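In structure tokens, one chain follows: the form predicted alone.
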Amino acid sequence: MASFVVRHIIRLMLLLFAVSIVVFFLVSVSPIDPVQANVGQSAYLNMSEEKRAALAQYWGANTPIWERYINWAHDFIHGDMGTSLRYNAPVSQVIAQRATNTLLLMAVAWVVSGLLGFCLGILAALKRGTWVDKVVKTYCFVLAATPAFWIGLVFLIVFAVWLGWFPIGFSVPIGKAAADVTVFDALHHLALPALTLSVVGVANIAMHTREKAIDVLESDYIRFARARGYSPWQALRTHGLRNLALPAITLQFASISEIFGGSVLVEQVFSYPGLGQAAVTAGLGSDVALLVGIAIFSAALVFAGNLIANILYGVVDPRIRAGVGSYA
């Protein structure tokens, strides 16, 4: 176990190092001028050349990329993630303020999409070839081909504008003091973005679960259980759910990266103040420090999801636990 933990910590460090280099380089070579993007078009045009040069020097726009990265990496190792140009605040503070909203949104969508996709996949396999199976497959194929932002716009028009069941956007009511915001207010604003993200994430889990469930239903031990008088659902529930759980866990934890990517679009549609919206703002403003900080946070989150999946493998199937132990 010690070797397993150490090996994954080293992999995480190498991953974060690679992510920081790639993101830092891509943002630094972006054609967006950080001075013009952050002071505004009109202010930039009325600004003297000396003032522009002073701001460029202050923000390090004229400093070589490798030198800026070394300075940033030195500060990051000592616990300083830099200062955000767009929010005029420490990057760690911006991430901490917005991570709660994003993690809550992702958690709700992750649980709902996983459970709904798993149930729909099993239902489609049990009703293979019937109209139920066709409806589930059509639903999944349509969702897989539909962008998340388009579904979000449709939900926004139908449920927020036409029906008025949910607020149009934001995470709290407009004009309401933070001390007066209730849990119900927060959940009411969270519901529609979480529903959008959940609906998008169902297709992959449902279709993979359906294919695996069909293989299990055609296996010898399920046929033997059917010969003993079990119904298809009883046989699958008694002898096949464990075999379905392992690939479901794999897909569910692997989908964290997809859910985070979808949350960027969903947060933009609903003006939901999370990390996704902050990442878009940082990208449009060439805010290197903030964008690198968000990329590192998201990479660590995805890595943690995959690590948890590896650990749960051994819980679901002891044979895998024994194999990992012998490999380590």
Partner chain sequence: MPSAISRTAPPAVAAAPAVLHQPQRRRVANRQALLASLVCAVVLLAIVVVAGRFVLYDVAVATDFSQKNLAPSLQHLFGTDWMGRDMFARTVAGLSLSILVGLLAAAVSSVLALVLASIAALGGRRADAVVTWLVDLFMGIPHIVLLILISYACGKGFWGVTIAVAVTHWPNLTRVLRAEIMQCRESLFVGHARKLGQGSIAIAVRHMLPFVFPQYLVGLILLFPHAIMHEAAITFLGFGLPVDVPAIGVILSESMAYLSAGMWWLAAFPGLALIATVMLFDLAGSSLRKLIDPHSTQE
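Keep in mind it's a predicted model, so treat the numbers as computed, not measured. Positions refer to the first chain, counted from 1.
As for the form predicted together with the partner chain, it is not shown, yet the points below apply to it.
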Residues in which of 78 to 86, 115 to 123, 97 to 105, 159 to 167 have heavy atoms within 4.5 Å of the partner chain in the predicted bound form?
-> 159 to 167
Flag R128 as yes or no: does it have a non-hydrogen atom within 4.5 angstroms of any non-hydrogen atom of the partner chain in the predicted bound form?
-> yes
With the cut-off set at 4.5 Å between non-hydrogen atoms, does V183 touch the partner chain in the predicted bound form?
-> no
Using 4.5 Å between non-hydrogen atoms, is M47 touching the partner chain in the predicted bound form?
-> no
Does the partner chain come within 4.5 Å of any heavy atom of P31 in the predicted bound form?
-> yes
Could you spot which one of A191, V132, A73, A144 gets a heavy atom to within 4.5 Å of the partner chain in the predicted bound form?
-> A144
With the partner left out here, if you bring back the partner chain in the predicted bound form, are L26, G261 and V269 all within 4.5 Å of it by some heavy atom?
-> yes
Note that the partner chain is not shown here; using its position in the predicted bound form, name the residues of 287 to 305 with a heavy atom within 4.5 Å of it, in sequence order.
-> L291, A295, S298, A299, V302
